[in-house]
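Presented as structure tokens, the chain that follows is alone, the form predicted on its own.
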């Protein structure tokens, strides 16, 4: 009689904090034993020469989501989740996006309906709050947090999404009271619009001027302001898709002062630059995202931030808009930079890019790679220890990684619903061979093994990330000032 459903043998196991040789035994979707000579199983996978890692968690991606201008992303929950799985991910956290005048509850119900019958990997939902009415703050949001939607994103830019500082304080205070995590897109909207108006009136319309309009100081100022607002009410805050050295320094300074501030960055800020937006014709539109890619010096600053504790999370910010009238050119064939849909794809390439350029080039350890791509997201967003860990009792979400598999990235090899990848032609080494979700093989031999709808919704617990640095600092007496007014 077989003792286990699945046994993974002869692999080298890496977690965020440890590495060891062990076999992993799985039963009923859970890891139930780690060790040697564990027994028999219905299925045995020989992982000789492979790395056995926790499944990736992409904590920031836009799937089957309408933008503020009502453009639908190219990927729905099926194509997006399939692409994520082929890239080594077993969980992702897309958004349920509220637009002005919408009920937050109805937005969540719509996103759940879209995901339920399509996603092949497990999923949770962040909320996007653009209309923090009294009903949203007093009724809908507290109830949704209790139901497992324990994180939400707010914008400091985009006319149809941005909230003001007072509204942000209301949301941060509510998050602190209910144990939720606030994520913020930190760019100063007034700075961006001021520069944009002057560029357009002077006839500067090309894609490259998108990067000019989103000046680094717009990001650094907004990041510092967001940190100060969170500090006022002693609320945790995560600044998403950081691209710029001064913003990174502000996060690290806050963390070194003992504040519960977290940072996220993305592949586009390590592998793209503003020069990509200056490609011939409208090719630069492929690289328009906000914040935009910067320069080589900024890339090095972001790499440093991955090593020195500035960034806890490495996400894709997958925002798939096709290179046609359904996406990038929704406003016409020759739009100004202001009219180009913002966002780049990257679900499937996130982990391979970071492994190849980070681990294999000595910038990151394997433990840091696991922390950045899986474990820290699980901890920050209320999924740990169920997700992000290879431990007894955790879900058997396992990626068997081939560290020597060399591939050249092309759009043809990817599984999203896009018609381009910004990383076309890049050579990487290291890619997942087998991806396992709750004990079931999802990807093997470059073939999908699970049906649509196989993924489960993840009800998340209130945030207890446990990733704060030193608790005492000169700012400590100020941390509770605003909290005492709640």
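Numbering follows the first chain given and starts at 1. Predicted model, so just to flag it, every value in this text is computed and none were measured.
We do not show the form predicted in complex with N-(aminocarbonyl)-beta-alanine, though everything after this point is about it.
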Closest heavy atom of residue 126 to N-(aminocarbonyl)-beta-alanine in the model of the complex, within 4.5 Å or not? no
I'd like to know whether residue 241 contacts N-(aminocarbonyl)-beta-alanine in the model of the complex, with contact meaning heavy atoms within 4.5 angstroms. yes
Does residue 289 reach N-(aminocarbonyl)-beta-alanine in the model of the complex if we count a contact as any heavy atom within 4.5 Å? yes
Could you confirm whether residue 153 comes within 4.5 Å of N-(aminocarbonyl)-beta-alanine in the model of the complex, counting heavy atoms only? yes
Counting only non-hydrogen atoms and a 4.5 Å threshold, tell me whether 86, 395 and 438 all contact N-(aminocarbonyl)-beta-alanine in the model of the complex. no
Select from the listed residues 255, 294, 162, 185 the one whose heavy atoms reach within 4.5 Å of N-(aminocarbonyl)-beta-alanine in the model of the complex. 185
Going by heavy atom distances of 4.5 angstroms or less, which of 130, 312, 196, 342 would be at the interface with N-(aminocarbonyl)-beta-alanine in the model of the complex? 342
The chain here is shown without N-(aminocarbonyl)-beta-alanine. Which stretch in 409-417, 315-323, 299-307, 215-223 comes within 4.5 angstroms of it in the model of the complex, by heavy atom distance? 315-323
Residues of stretch 46-60 in contact with N-(aminocarbonyl)-beta-alanine in the model of the complex (4.5 Å, non-hydrogen atom): 60
